[in-house]
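First, one chain by itself: the form predicted on its own, in C-alpha cells.
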C-alpha cells in the first residue's frame, strides 16, 4: 500500500433515526408475508425509526410498479419490498420470480432509491415459513436492515448523513396509460 495514498471508506450505518421509509408488502401468501412484515417492523423499531409507511399490493408482480410510484414521490430514503412466491406445478413461479426481481432492480437503478429485496422465492411452504421467522431467521428483518444501511450509505455518498442532501432527481417518466409526464 502506498503510504501517501489517501483513503476514505464509506459504509452505511444501521440507525434508522431520521430516515423516511416505506414497507411494500404483497398480500398473496399473507400467512408468510405478514410474518415478514412483523420482522421488518421489528428491525425498523429496534433501529430507531419513528416514521414508516406500510403499502399493500396484491402480490409480488405488483411490487415493482408500486415501488416505482413510491420512489418517484421523493418521500422515502429507502423502500423494503416483501412478498412470497412459492413454487407450484406450472412455470408461473419462474416468471413471477424473475419479473419481480427484474422490476425491483430496474426501479432501484432508474430512481436511485434503495429498494431492499425481501421477496421470498421458495420451493415449499415449509421453506417460506422457515425464512419468515423460524429456522432461517426472518428475511423481512434482514431486508429492513439492508434498506437502513443502504439509505445511510447513499446519504454519505452525497456528502451528509445528518442534513438534507440534494440528490439527482429521477428522470421524467412518460406514462403510457395517460400520456402525461411525471417527475
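Computed from a predicted structure; not experimentally measured. Positions refer to the first chain, counted from 1.
The same protein also has a form predicted together with a small molecule, omitted here; what follows describes it.
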Revision key, fill the gap. Students should find that, of 70, 47, 61, 154, the residue having a non-hydrogen atom no more than 4.5 angstroms from the small molecule in the predicted bound form is 61
**Study point:** Whether 29, 84 and 92 all lie within 4.5 angstroms of the small molecule in the predicted bound form by heavy atom
**Key:** yes
Check your understanding: Which one, 34 to 42, 53 to 61, 128 to 136, 144 to 152, holds residues whose non-hydrogen atoms are within 4.5 Å of the small molecule in the predicted bound form?
Key -> 53 to 61
Point to revise | is_contact(residue 96, the small molecule) in the predicted bound form, heavy atom dist at most 4.5 Å | key: yes
